[in-house]
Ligand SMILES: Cc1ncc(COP(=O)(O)O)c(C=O)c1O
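So this first bit is one chain, no partners, the form predicted alone, shown in structure tokens.
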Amino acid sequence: MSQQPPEIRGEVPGKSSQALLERLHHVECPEVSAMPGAIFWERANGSNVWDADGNRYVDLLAGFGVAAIGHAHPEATRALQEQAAVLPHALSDVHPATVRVALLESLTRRLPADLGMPILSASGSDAVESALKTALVVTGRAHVVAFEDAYHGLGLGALDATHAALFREPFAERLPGRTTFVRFGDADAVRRAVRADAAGAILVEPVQGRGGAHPAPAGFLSDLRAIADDEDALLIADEVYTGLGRTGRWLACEHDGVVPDLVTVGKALGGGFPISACAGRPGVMKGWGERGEEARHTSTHLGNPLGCAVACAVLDVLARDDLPGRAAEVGERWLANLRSALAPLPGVVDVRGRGLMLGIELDTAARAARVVEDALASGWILIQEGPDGRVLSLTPPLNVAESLLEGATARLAELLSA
């Protein structure tokens, strides 16, 4: 697995990336096309990415948290290749693949308490849709309480619980409008909202990711668990970003000793292959009722054999190498080093996070944008997050070399001092 420092051979983006960007803009919808200044990834391994111009970078994002075991991990790659050679597709809810059983058993074995009976899907947004549907089926109540600055995906159901106006407003006429947003950390407001709206579910990220690497305040998740119990509602933990070791536990809600009724996982699960899951307590998942002649919640690629095979390999590596434990230890050291090096610098408001899900909050979005651009030019990949783009997001592979984290800290200190 590659753990090399950056090596930049010329300008960033280089001529090849610039040419590819121009070609892309001719053939792709402008809504999803890459932004000016984008580099085009050509290959990746471990903690490194190489662009079309041969520049080598350190990926401090793990591809939005996907490459938790590193890019192109040999065991995940081998699992994908071997599965592709024998069975790349099956008939989802009609005639499933044998490897699907293996994944469901493996995932259930790693989830805490009695969480299990997962519904597989292809994206984090899909997993949230599964959770919201399950909550409605079980409680009969459609209303949901979610949080300001929350991000749960862009499918219409998940989008209704995503807070940012940027994503919501263009599609407001299509949204059900069954979500009440309250301030993250305000348990009293949650209780009032659940009662006022007769909400069937509380949907929370244990650490807000796109919201700016905000961990839930101490005791908040326990308060949500108590409110859900008191009001006969379900507690849904959206752990698409935080789950599978990212914060130092298999699930981030374990830090607070809280077991949700439903949990979503994704991103890291497929190691680069799109696969996600919604799991829950047996009594909740059985609320869908007995198996019928036709499934009411399925899709063509549900339980795709390729994704299942890769996910089995990812879970095995996470467990064998104790990457959740490593994330806790390495993340604690890195957070302390970042605070020591960066907190005294002009423009730094806060350095926070849990495990290897950290954020550096700056005073302006313009300063954050300059740091991201200058970091990329010197071979370090990170992005802006938070509702106003002032937070530098850091979510490297869980097996990233600490020497690279030391290099990143030094480079960030240089950029923020400039």
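Just so it is clear, the structure is predicted and the values come from calculations on it, not from any experiment. The first residue of the shown sequence is 1; numbering continues from there.
The same protein has a further form, the form predicted in complex with the named molecule, not shown here; the description that follows concerns it.
Under a 4.5 angstroms non-hydrogen atom cutoff, the named molecule in the predicted complex has residue 151 among its neighbouring residues. When the named molecule is considered in the predicted complex, residue 110 lies well away from it, no heavy atom lying within 4.5 Å. Proximity of residue 123 to the named molecule in the predicted complex: non-hydrogen atoms within 4.5 Å are present. The named molecule in the predicted complex is approached by residue 267, whose closest heavy atom lies within 4.5 angstroms of it. Proximity to the named molecule in the predicted complex, taken as heavy atoms within 4.5 Å, picks out 151-159 from the listed stretches 218-226, 151-159, 280-288, 170-178. Contact with the named molecule in the predicted complex, defined as a heavy atom within 4.5 Å, is made by none of 40, 53 and 56. Among the residues 143, 210, 100, 255, the one placing a heavy atom within 4.5 Å of the named molecule in the predicted complex is 210. Contacts between stretch 218-252 and the named molecule, counted in the predicted complex as any heavy atom lying within 4.5 Å, involve 238, 240, 241, listed in sequence order.
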